[in-house]
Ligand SMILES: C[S@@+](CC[C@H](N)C(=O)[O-])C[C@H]1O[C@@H](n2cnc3c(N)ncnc32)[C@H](O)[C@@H]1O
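Shown here is one chain on its own, the form predicted on its own, set out as structure tokens.
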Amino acid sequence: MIDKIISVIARREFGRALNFDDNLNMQLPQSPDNNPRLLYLHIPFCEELCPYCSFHRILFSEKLCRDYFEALFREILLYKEKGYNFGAIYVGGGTPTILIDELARLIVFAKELFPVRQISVETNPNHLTPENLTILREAGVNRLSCGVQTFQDKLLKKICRLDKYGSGIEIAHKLRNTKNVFETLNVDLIFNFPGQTMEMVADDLAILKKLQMDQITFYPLMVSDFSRKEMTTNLGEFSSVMEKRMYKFISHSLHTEYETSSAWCFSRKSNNSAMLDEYVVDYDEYAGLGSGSIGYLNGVCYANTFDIAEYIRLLNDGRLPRMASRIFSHNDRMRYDFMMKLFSTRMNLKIMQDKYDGKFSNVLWKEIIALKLAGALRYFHPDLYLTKRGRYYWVIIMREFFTAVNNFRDHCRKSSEK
């Protein structure tokens, strides 16, 4: 019952929070300080379009992709001119490594402009080649995150990945050969696909343990409402009961060798300071660059245009490619920080109190008390911690958050197609 209540409330609140205004002033303000933020770069091109993916992506075209990278260079310069400072880079997609030479050139360019300490790049198994790995390492990448989703051939075929990315055995072999190339090798997997069994999840975990991956991000299937209808038709019904069972099984299976870096990210105990796929945990603010990217700066959440041709045209004209934004109220900002900080399983309450002039607890006391009574939170000065039960509640909350983001992406894509 509590699971369902959390899901309903979270979905309602995130739907409200992501109700963007298309007519706000889209100018990029001067940076208010020199604090390092995170630079997110979105590469929306893919060789195949996976049916469960709700991220902004299109089929690869080399000419368009090279023009797109040139536009990204221009967008980075706009932020440099406004005094923004970035301490880390996260490159997502799409498939960021689809044009490895352009990606390396972009990373080196950003490193020349900003004091970057961490660089994380997403990729797919078919791009784990010795040549690509060398190029990425020489460009300064220290964390590579590979989207595997599952090692089960039957499921890989159902989600249209078997032919392009190889069998589970082939993928495992490539991961084994990629170990120790970077400071952190992360593997992304998904649980609660329709038709996925506990035996399949157990087999995936056995393979991961044998490979001794540095970091495992094992997150629940999160799709937009539109994609959910399509997947239900093609694959079958989703099960919230199975989601909970699978999550508990995954957490229990990994806890002896891994620590929880977030509610669904597990890092080897020797590598628990590694960057996460959910970069919003590590940095209070992040700039989203690229078509369809979402950023959060100075209390404003914004989205860039999803029309790639328009994105390139606007930047060729020296204009910011934003399409929508929303100013978060003071209370909205506190709730956002509350959600994101506790997603990492702990939150320093004193830091939050200082950040919001002593008002943080006054605004969020109802939520804190309710979650403590539900057995989700414990307080040991100065931190609030998620309990085992609380970690699953945060899986629900973040699943609904990313579902709302995916719904917003669908809305933006449809708007750009008109």
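Treat the numbers as computed from the prediction; the structure is a model and nothing was measured. Quick note: we count residues from 1 along the sequence shown, nothing fancier.
Another form, the form predicted together with the named molecule, is not on view; read the next lines as being about it.
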property	result
Candidate from Tyr356, Phe55, Tyr385, Phe60 lying within 4.5 Å of the named molecule in the predicted complex - any heavy atom	Phe55
Selected contact from Asp307, Glu122, Asp214, Glu102, since only one has a non-hydrogen atom within 4.5 angstroms of the named molecule in the predicted complex	Glu122
Contact stretch among 168 to 176, 291 to 299, 310 to 318, 217 to 225 - heavy atom within 4.5 Å of the named molecule in the predicted complex	217 to 225
Contact test in the predicted complex: Gln149 vs the named molecule, heavy atoms, 4.5 Å	yes
Partner proximity in the predicted complex: Arg161 to the named molecule, non-hydrogen atom cutoff 4.5 Å	yes
Close approach of Asp188 to the named molecule in the predicted complex, 4.5 Å, heavy atom	yes
Partner proximity in the predicted complex: Ser262 to the named molecule, non-hydrogen atom cutoff 4.5 Å	no
Residues in 80 to 112 with any heavy atom within 4.5 Å of the named molecule in the predicted complex	Gly93, Gly94, Thr95
